[in-house]
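Only one chain is given next, in structure tokens, and it is the form predicted on its own.
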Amino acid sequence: MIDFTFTEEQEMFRKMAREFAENMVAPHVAKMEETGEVNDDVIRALAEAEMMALTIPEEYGGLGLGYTARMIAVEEISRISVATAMTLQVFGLGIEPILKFGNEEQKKRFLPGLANGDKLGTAAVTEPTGGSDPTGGRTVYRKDGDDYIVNGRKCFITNSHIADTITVLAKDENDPKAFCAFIIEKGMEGFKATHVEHKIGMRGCNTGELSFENCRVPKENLLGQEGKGLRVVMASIGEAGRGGMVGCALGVQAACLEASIKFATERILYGKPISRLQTIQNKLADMKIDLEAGRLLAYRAVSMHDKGEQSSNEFAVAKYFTTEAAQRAAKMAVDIHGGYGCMVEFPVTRYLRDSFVLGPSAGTSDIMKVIIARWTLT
């Protein structure tokens, strides 16, 4: 028997996450849109609500609720602010390598501070020469006694300037097939956050570049085995990273649908609400179909993950479908609003801009199709 319903606890958590987003995040959205900067009050609220602790086991100060709870939280927060949801989801991506590949000493050292929000995390893989192909990156390391010396640059890194611990991928300067994943900490000599990016959407979510210039990393900060770091980061991106993006996309879809229903029932044209027009109804139906289908794909994948099953292919399918559907929903929402859809006072303009940032994050739609095709042909 297949059960598509949430447990009572999960339903209660969804209600709590929705109330949190509406009460603690929504009041700050306008300011984040205006400044483009991360709101400190929102970050503190995330920490106080234990949103950072969701996937961290209880023995390290977390809640141990699993990735279904994380999906729920990201979706509900994204419904109000995809920028805030993105900050949270990439935090989850940053800690995933520690959860999966960290040794006991590393978990005890880093996870409690991350769980309570004292520390923020991220992952740094993308480079100007290696986005979809991480093996094309030029960030390198070399051994120096028991330490590693890292040199290079990362770009398009979410939480770049606010993260305290960063999972960084680098390759052996003498062996391009050998990679290491390191936990690099804010304040390490030779490491600094440099350029801040200004995106068309997700304003209020920090994105920027990181620089490593003879950055000395102690061996205690090596994640997993030396030379096997590519597996560390790709396993995390394939499930935690893409799963988080799915949650962001679902939230955008839900927001577009809700805004469109409200406008269509209130907007009077030809003496009646435009919601009675078949063209408008068709758009609303398409948005609803995409949202329901996306949720089925998303929660199937995350359920598999929580059971310990391999789910990277299912997340690729969900990531492709939901991020593409978010763009469709945003375009239809703007169409339904007519001229008002071009006015910044209406949130659908923000949803449209935000939706276009979802696509390339954690792997473009074209890369998702490559993964799905490879899965199909095996």
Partner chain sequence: MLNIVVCVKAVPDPKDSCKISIDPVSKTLNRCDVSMVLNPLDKNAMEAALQLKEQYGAHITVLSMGPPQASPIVKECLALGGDQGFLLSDRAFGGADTYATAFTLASGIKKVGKPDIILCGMASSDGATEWVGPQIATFLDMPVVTMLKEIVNSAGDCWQVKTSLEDGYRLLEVDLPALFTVTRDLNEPRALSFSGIIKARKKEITVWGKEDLGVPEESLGLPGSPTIVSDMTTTDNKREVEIITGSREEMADQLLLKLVDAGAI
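Numbering follows the first chain given and starts at 1. Everything numeric here is computed off the predicted structure, so don't read it as measured data.
Quick note: we don't show the form predicted together with the partner chain, though the next part is all about it.
**Q** Is it true that Phe13, Glu19 and Ala49, all three, sit within 4.5 Å of the partner chain in the predicted complex, judged by heavy atoms?
**A** Affirmative, all three are within 4.5 Å.
**Q** Can you tell me which of 321 to 329, 51 to 59, 37 to 45, 339 to 347 lies within 4.5 Å of the partner chain in the predicted complex, counting heavy atoms only?
**A** One stretch meets the cut-off, namely 51 to 59.
**Q** Can you pick the one in Val29, Val317, Leu352, Leu65 that has a heavy atom within 4.5 Å of the partner chain in the predicted complex?
**A** So the residue touching the partner chain in the predicted complex, by this definition, is Leu65.
**Q** Is Glu9 close enough to touch the partner chain in the predicted complex, meaning at least one heavy atom pair within 4.5 Å?
**A** Yes, Glu9 is a contact residue.
**Q** Can you list, in sequence order, the residues from 208 to 243 that come within 4.5 Å of the partner chain in the predicted complex, counting heavy atoms only?
**A** If the 4.5 Å heavy-atom criterion is applied to the partner chain in the predicted complex, 208 to 243 yields nothing.
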